[in-house]
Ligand code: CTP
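In the form predicted on its own, a lone chain appears below as structure tokens.
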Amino acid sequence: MALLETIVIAFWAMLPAYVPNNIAVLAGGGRPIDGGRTMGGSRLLGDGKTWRGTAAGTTAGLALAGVLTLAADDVSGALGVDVPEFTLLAALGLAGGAMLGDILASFLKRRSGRERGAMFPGLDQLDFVVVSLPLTALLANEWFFTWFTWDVIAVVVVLTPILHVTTNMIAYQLGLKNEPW
């Protein structure tokens, strides 16, 4: 598989996981998932992880997977690269796994004494990948192993931090985030 083809597949296949956290920021607010509970003197997750943001992010990822599936044939023809159509379970693994990864990262941040918005290099950029890929492999095994070759996974691991930092800087400039990371 050529490098450009691998990049296209990686980006397309990860879009339902890339979008949920951004939508959660826009739609967030409301009741925190942890309900204000603490562990060891610090919040379990914090006010930044809400039911509304999680539901909106997951729903957006599922909806995007549906739109991408409808467009896959036309896009494949236009680009000359076969891009995946998403099964419902693949979409759920990617979108739900992305949100779960972000929630688990918040839990780890609180346990390490970091406050909401504090930088945690590596974890901040790859938290949703680390959960969404295994969850998708579990829920949609055949689909996952058809599209996520080792080359595609390597591109995802390299591409994701670049996209994450770029989108966070844009969100910061637009006043949607308090920190540029």
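Residue numbers run from 1 along the displayed sequence. Only a predicted model underlies this, so the values are computations on that prediction, with no experimental measurement involved.
Beyond the structure shown, there is the form predicted in complex with cytidine-5'-triphosphate (CTP), which is absent from this document and is the topic of what follows.
- In this form the binding site remains open, since cytidine-5'-triphosphate (CTP), overlaid from its pose in the model of the complex, puts no atom within 2.4 angstroms of a backbone or C-beta atom.
- In the model of the complex, every residue of the candidate spot (G28, K49 and R116) has a heavy atom lying within 4.5 Å of cytidine-5'-triphosphate (CTP).
- In the model of the complex, none of the heavy atoms of S132 sits within 4.5 Å of a heavy atom of cytidine-5'-triphosphate (CTP).
- Proximity of A24 to cytidine-5'-triphosphate (CTP) in the model of the complex: non-hydrogen atoms within 4.5 Å are present.
- Not displayed here, cytidine-5'-triphosphate (CTP) is kept clear of V156 by more than 4.5 Å at the level of heavy atoms in the model of the complex.
- Interface membership of A65, defined by any non-hydrogen atom within 4.5 Å of cytidine-5'-triphosphate (CTP) in the model of the complex, is ruled out.
- Residues placing heavy atoms within 4.5 Å of cytidine-5'-triphosphate (CTP) in the model of the complex fall in a single listed stretch, namely 53-61, out of 66-74, 34-42, 144-152, 53-61.
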